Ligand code: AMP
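Quick setup: one chain, the form predicted alone, written in structure tokens, and binding and motion questions come after.
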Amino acid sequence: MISYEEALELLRTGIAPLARRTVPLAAAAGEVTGSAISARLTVPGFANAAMDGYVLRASATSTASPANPVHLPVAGLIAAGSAAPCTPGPGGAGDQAWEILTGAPVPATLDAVVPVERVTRVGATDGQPPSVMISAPLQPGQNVRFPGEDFLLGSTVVAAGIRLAPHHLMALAACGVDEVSVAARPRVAVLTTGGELEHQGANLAPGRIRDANGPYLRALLPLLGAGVVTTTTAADDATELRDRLQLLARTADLVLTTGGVSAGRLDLLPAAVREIGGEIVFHKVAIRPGKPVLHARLPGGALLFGLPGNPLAVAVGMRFFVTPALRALQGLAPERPGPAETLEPVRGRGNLRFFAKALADVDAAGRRHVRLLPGQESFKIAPLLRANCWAIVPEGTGDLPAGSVLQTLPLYPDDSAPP
């Protein structure tokens, strides 16, 4: 039996990212960037108005005041999507203003926009063009968006190893990106084992139970960026289990099993892995729940995680073994647990690292607290419905007093893919 840190190191050093693929930007939400993505446009690409108003030379308003407003003729309208008109420079035909709409280009010789609500417009009279009265001086650059204020051509917009969310797609679209290189989604096969499992209905024969792990895994895996290629079951039969493993190893990057990894007569998975030529990387880790967890590499390179059958052992195995593996396959950085103070004393588990269903919150002073929930047995699902995180009780520390600091992880990674 090895420690959790030893098991985690074996995962980090033994798993390489999958190959990259190119997808259209419109289909990239939830994908993980395979390389840094650079801007193909400068954003903004030209000086433009930050609001509706009038664009002019700021120097023309230097003497403006409520008692002595500046009057400027309005030369015309500049709308968004149009080209900037040619305007006279300083010392030319005289200062003038142009009505301008938000996002419209600012002429090269003009440098400020006065909001429409801060001017008084006077209609055309006696053959004179309309004009605006301005009662306060403007500063150069006021209410103007300048080229490159947001992104520069060639600058990095999104780094490698980032799961793309809608705001990333907004930035990439603005920067002229139409397709992105992303990590391949891991193909995962799910195999639940056990002759006692039923998959539907409430009228169960004696000794039969509903399969809770299969629906949990099928719902969770897409949130972790994985594609579920198949879900199947196997009875507690050595030949059937071996045949299923051989088939799944040819169709998946990662095979995920539940049950059959402990020390009972019908815990057949370790022997089945060896029979098909698989290499067991580790079997049994000093944790609770989920100590019998098994990790192997199957013929052809597929990874296998054999999780114990109890629901909370499956949840812990997914959060603390399979999730790091899936992140490594996609080129995502490891997660970093966050600290929280315990509100109550915490019982240690000797030489086992304990992953506890827990509830974390932040008090009025900004301190983060965590409380371990009652009902930590590995068969109890109900407490998980009240939890919002996992609290990690380290091995070898004995009992901990209230106020001790534990590391925590949210129930699911913060950068989970959109559903």
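Fair warning: this is a prediction, and the values are worked out from it, not measured in the lab. Heads up: residue numbers just count along the shown sequence, starting at 1.
Same protein, other form: the form predicted together with adenosine monophosphate, not shown, and the subject of what follows.
Across the proposed site, Leu169, Ser181 and Gln330 without exception lack any heavy atom within 4.5 Å of adenosine monophosphate in the predicted bound form. Within 4.5 Å of any heavy atom of adenosine monophosphate in the predicted bound form lies no heavy atom of Ser131. Proximity of Ser262 to adenosine monophosphate in the predicted bound form falls within the 4.5 Å heavy atom cutoff. Proximity of Ala219 to adenosine monophosphate in the predicted bound form: non-hydrogen atoms within 4.5 Å are absent; the residue sits far from the partner. Adenosine monophosphate is not drawn, but in the predicted bound form it has a heavy atom within 4.5 Å of Thr192. Between adenosine monophosphate and the residues Asp95, Glu335, Glu196, Glu341, the one pair within 4.5 Å by heavy atoms in the predicted bound form involves Glu196.
Put simply, of Ile276, Ala286, Ala174, Ala212 only one has a heavy atom within 4.5 Å of adenosine monophosphate in the predicted bound form, and it is Ala212. Contact with adenosine monophosphate in the predicted bound form, defined as any heavy atom within 4.5 Å, is confined among 161-169, 278-286, 308-316, 73-81 to 308-316. Residues of 320-348 are not found to place any heavy atom within 4.5 Å of adenosine monophosphate in the predicted bound form.
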